[in-house]
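Before any questions on binding or motion, here is one chain by itself as structure tokens, the form predicted alone.
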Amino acid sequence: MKSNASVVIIGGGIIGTSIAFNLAKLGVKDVVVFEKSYISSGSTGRCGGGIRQQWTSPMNVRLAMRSVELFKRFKEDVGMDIEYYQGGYLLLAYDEKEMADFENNVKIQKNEGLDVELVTPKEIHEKFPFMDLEGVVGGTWCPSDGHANPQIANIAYALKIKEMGVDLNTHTEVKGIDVQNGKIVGVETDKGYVKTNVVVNAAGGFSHEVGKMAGVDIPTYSERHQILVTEAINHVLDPMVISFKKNYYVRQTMHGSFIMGQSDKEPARGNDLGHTVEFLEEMAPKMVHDFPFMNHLHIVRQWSGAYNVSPDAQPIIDEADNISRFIFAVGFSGHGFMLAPAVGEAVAEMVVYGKSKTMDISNLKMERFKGKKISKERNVV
């Protein structure tokens, strides 16, 4: 482990490693990354792997669209096949109000340049005749949405940044951030001290706790979301399918298994939360009804992961106003994997140039929560 660094990144998940990769691309290789466990041990390794651009917040649409451009060349840039597949995303509406909301969303998305369309039940049936569309009044379809393997993507970034000269330290826990006179001077870990003047908080589910180490109150918290995977069958489902009304998402992996999840009705808060039989009892009937071919499909295992939630379900990307060069990219609310390439690019530019040059992310600063009505991202499962 180095004793000096130009930049210390706390968190070796997809956000932290993406930031490190982009810093190295910009020529900043004197970077140290600390991960308290193994690579992909946190939220990245527990997520569903979807890559969606259909959001209600213009900023999320922009970030996702930029990420899709970067995901398309991920193998070329980072050097590993991450099972990226643009199979589309199908969002289902179950009443007229939800469909009206979808119509407004599509206007926002088209205004950002996204190729997305409203679809009727007949059109959905023509695309996916194996689905039971009882109660469906319509939906939206974006063919350039898709999915990938988040664990492989995180590992790919980790291997690449080590190759590029970044000092990646796993199983190394940050214990404190040394701040003197409003400036960062170092980071204390369970394996030693590193002098630095720049710290990036990419700690995912522990973002609030890391903020407190520097005396910064970041308005994030973590909550449990559960997920399961089935046995593999022959490929049948190209897109990720989402119902906000029924509270589920589902996709088929490249290997044939189905990954699916939902939000708990009253999500437990924290990072080490286990999983429940109620999740299986709620999930299975929905899937069997909407996808009858799953009737005899066996569940292999289930697990839970933490959504690191912000007040408006959009990321907080900012530099502390009271601590010089304490930067944070947190609060992704379940969308960190799909936004990671664009966020890594933007945050690296913040570190090097003082602001993001590729795209304007100024409306993701923490000040948006001060005395203002919060406009919340609604397309969240």
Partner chain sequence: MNLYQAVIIGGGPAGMMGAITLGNHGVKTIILDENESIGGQLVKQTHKFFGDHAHYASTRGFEIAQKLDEEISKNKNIEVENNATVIGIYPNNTVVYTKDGQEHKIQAKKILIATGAMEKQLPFINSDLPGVYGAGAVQTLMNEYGIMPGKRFLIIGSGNIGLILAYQLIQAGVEVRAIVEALGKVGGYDVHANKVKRLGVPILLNHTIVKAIGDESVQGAIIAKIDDKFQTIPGTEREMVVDTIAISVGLTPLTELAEQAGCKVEFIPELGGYVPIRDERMRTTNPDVFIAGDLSSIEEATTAMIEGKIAALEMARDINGSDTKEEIEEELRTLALFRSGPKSVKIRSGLEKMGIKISIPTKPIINEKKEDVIGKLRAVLECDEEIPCNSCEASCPFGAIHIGENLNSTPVLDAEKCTGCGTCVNACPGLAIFMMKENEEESTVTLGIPYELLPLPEKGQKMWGLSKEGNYVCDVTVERVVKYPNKTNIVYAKFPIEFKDTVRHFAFPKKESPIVCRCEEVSLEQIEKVIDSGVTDFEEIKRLTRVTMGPCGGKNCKLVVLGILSRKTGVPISKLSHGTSRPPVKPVEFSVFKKGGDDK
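If you're wondering where the values come from, they're calculated on a predicted model, not measured in any experiment. Positions refer to the first chain, counted from 1.
Keep in mind that the form predicted in complex with the partner chain is not shown, yet the notes after this line are about it.
The stretch that touches the partner chain in the predicted complex, counting heavy atoms within 4.5 Å, is 31-39, out of 54-62, 343-351, 329-337, 31-39.
Note on the partner interface in the predicted complex: the residue among T140, T189, Q151, N169 having a heavy atom within 4.5 angstroms of the partner chain is Q151. L297 is the sole member of V106, A214, L297, M99 with a non-hydrogen atom within 4.5 Å of the partner chain in the predicted complex. The closest heavy atom approach of S144 to the partner chain in the predicted complex falls outside 4.5 Å. Contact check for A284: a heavy atom falls within 4.5 Å of the partner chain in the predicted complex.
At least one heavy atom of M80 is located within 4.5 Å of the partner chain in the predicted complex. Contact annotation for K246: none of its heavy atoms lies within 4.5 Å of the partner chain in the predicted complex. Scanning 120-135 for heavy atoms within 4.5 Å of the partner chain in the predicted complex gives no residues at all.
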